[in-house]
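The chain below stands alone and is given in C-alpha cells; this is the form predicted alone.
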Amino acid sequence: MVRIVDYGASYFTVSDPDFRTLVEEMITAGVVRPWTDTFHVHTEGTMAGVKTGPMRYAAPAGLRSVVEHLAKSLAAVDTETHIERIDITDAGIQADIYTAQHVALCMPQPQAERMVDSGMLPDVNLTWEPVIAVTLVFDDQQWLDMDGVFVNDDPVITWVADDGKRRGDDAPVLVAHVNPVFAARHLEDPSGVLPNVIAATRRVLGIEALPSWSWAHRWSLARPIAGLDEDFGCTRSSP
C-alpha cells in the first residue's frame, strides 16, 4: 500500500478574504479540508492542555495537490526543466532560454540568490532555522486522541502531527519536527536523529510500541527566524 505523507509544511491558515474564497472553492472540490483549530501542548515533561488558534487546513492528497489543482488553469506545465539563471532584460524576464512576463520564486531567499541578481530580492539578511522532519509509521494508534502537539522545552522535538487525523484517513502515522539546534548537528546525516526522535516521540505521547517504519528528511532552510515587514514583489512585463 502506498500512502502520501506531508513531511514539509504541516498545514496552512487563511486570513486574506480573496484567499478564503479560493479555499472555499477547493473545499467544495475536495482538494482541501478544514483540519483543526486546537492542538495539545506538552511542557516541562507533561501534557499541559490545549491551545486554540485559527482553523488549520490540510489536503487529503497532500499539500502538493493544492498546487497541482491551481495549475490546471495554466496552458502548459513543465516539471522537467531545470532553471539555472533568471535575468531582467529589455525583452522581459529571461529564465535561461525562456522569456516570461512574470516569474515567481517559490523558495527560501538564500536559494533564490543563486539564480538572480541581488537587486531583484529584498535587501535583508534573514537567519534561517533548519528542521529535520521524521515520519513514523505504527501498526496501530497507541496515543491519545489528538491532531498535533506543540512540544516546548525539549532538546529533540518541537512538534508532532497526527498525519492520519490531518489527512482524514486515521492512518497510524506521525510526523515529528526536530529541534533546530539538534537538527543543525545532523544535516549531513539526517537519519542520525532517528533513535532520539523515536524515543522522544514515544515519551511525549506515551507510546509503548516501536514504529514499524521511520524516515528522516532534511530541510536546511525550513523557517526564517523573523519575517519581512511587508510583502515583496518584482515583475517586468514584456513589450
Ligand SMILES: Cc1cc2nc3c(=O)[nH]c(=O)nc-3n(C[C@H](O)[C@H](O)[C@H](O)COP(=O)(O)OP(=O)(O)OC[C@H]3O[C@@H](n4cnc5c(N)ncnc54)[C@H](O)[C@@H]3O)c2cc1C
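Being a predicted model, the structure only gives us computed values, none of them experimental. We number the residues from 1 along the sequence you see.
Although it is not shown, the form predicted in complex with this ligand is what the next lines describe.
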Which residue, 115, 156, 120, 103, has a heavy atom that falls within 4.5 Å of this ligand in the predicted bound form? 115
Option touching this ligand, based on a heavy atom within 4.5 Å in the predicted bound form, out of 127, 81, 89, 152: 81
Any chance residue 9 has a heavy atom within 4.5 Å of this ligand in the predicted bound form? yes
Would you check, heavy atoms only and a 4.5 Å threshold, whether residue 146 touches this ligand in the predicted bound form? no
Answer for residue 216 alone: is it within 4.5 Å of this ligand in the predicted bound form, judged on heavy atom distances? no
How about residue 107 - does it come within 4.5 Å of this ligand in the predicted bound form, if we only consider non-hydrogen atoms? yes
When you measure heavy atoms, are 111, 131 and 222 every one within 4.5 angstroms of this ligand in the predicted bound form? yes
